[in-house]
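As a starting point, one isolated chain is supplied in structure tokens, in the form predicted alone.
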Amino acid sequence: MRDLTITTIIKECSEDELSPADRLLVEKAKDATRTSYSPYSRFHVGAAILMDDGTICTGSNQENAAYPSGLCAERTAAFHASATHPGIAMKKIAIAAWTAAGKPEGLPYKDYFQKMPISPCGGCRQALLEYEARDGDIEVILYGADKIYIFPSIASLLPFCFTSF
């Protein structure tokens, strides 16, 4: 028996260090949080996907009292992108989140964003991986007000992923 090590290279940066195109994608993800329907968790998540043709598709989390009928922002954006732009590859996804829970009244919206990046759930990772397996790597930008993480692919978020049966 032997131990194996899995290594993932993650870039860490600030918003100022992003390229203009990546900064725009993050801003679109942040904007998408405003369309979140999250009356139960009060956790607003937005995702923006850059398509190979330059189009940006967005989505936000949509909750429902009949759990688990809601849908995460990442899958909402991916399904929107796939349905409205068939045959066009997804190149990057940016994800941002905020909550007003515990925040002082009157704090500007931009100050609600999570300080640390949030990561997609396992279901979203698997759903996004299907598109990546079909079309090539999808870079992942996880936004946090204090730092941003950039992963080279969905697979780097999901080692030992399930890609075929």
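Numbers follow the displayed sequence, beginning with 1. Source: prediction; values computed, not measured.
Just so it is clear, the following notes concern the form predicted in complex with tetrahydrodeoxyuridine, a form of the same protein that is not shown.
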**OP:** Consider the chain as shown here, without its partner, and state which of 118, 56, 129, 26 has a heavy atom within 4.5 Å of tetrahydrodeoxyuridine in the model of the complex.
**Re:** 118
Original post:
Would residue 45 sit within 4.5 Å of tetrahydrodeoxyuridine in the model of the complex, counting heavy atoms only?
Top reply: yes
**OP:** Evaluate residue 93 for contact with tetrahydrodeoxyuridine in the model of the complex, applying a 4.5 angstroms cut-off between non-hydrogen atoms, and reply yes or no.
**Re:** no
Original post:
According to a 4.5 angstroms non-hydrogen atom cut-off, is residue 61 in contact with tetrahydrodeoxyuridine in the model of the complex?
Top reply: yes
Original post:
How about residue 41: is it within 4.5 Å of tetrahydrodeoxyuridine in the model of the complex, going by heavy atoms?
Top reply: yes
**OP:** Choose one stretch from 27-35, 131-139, 66-74, 48-56: the one whose residues place a heavy atom within 4.5 angstroms of tetrahydrodeoxyuridine in the model of the complex.
**Re:** 66-74
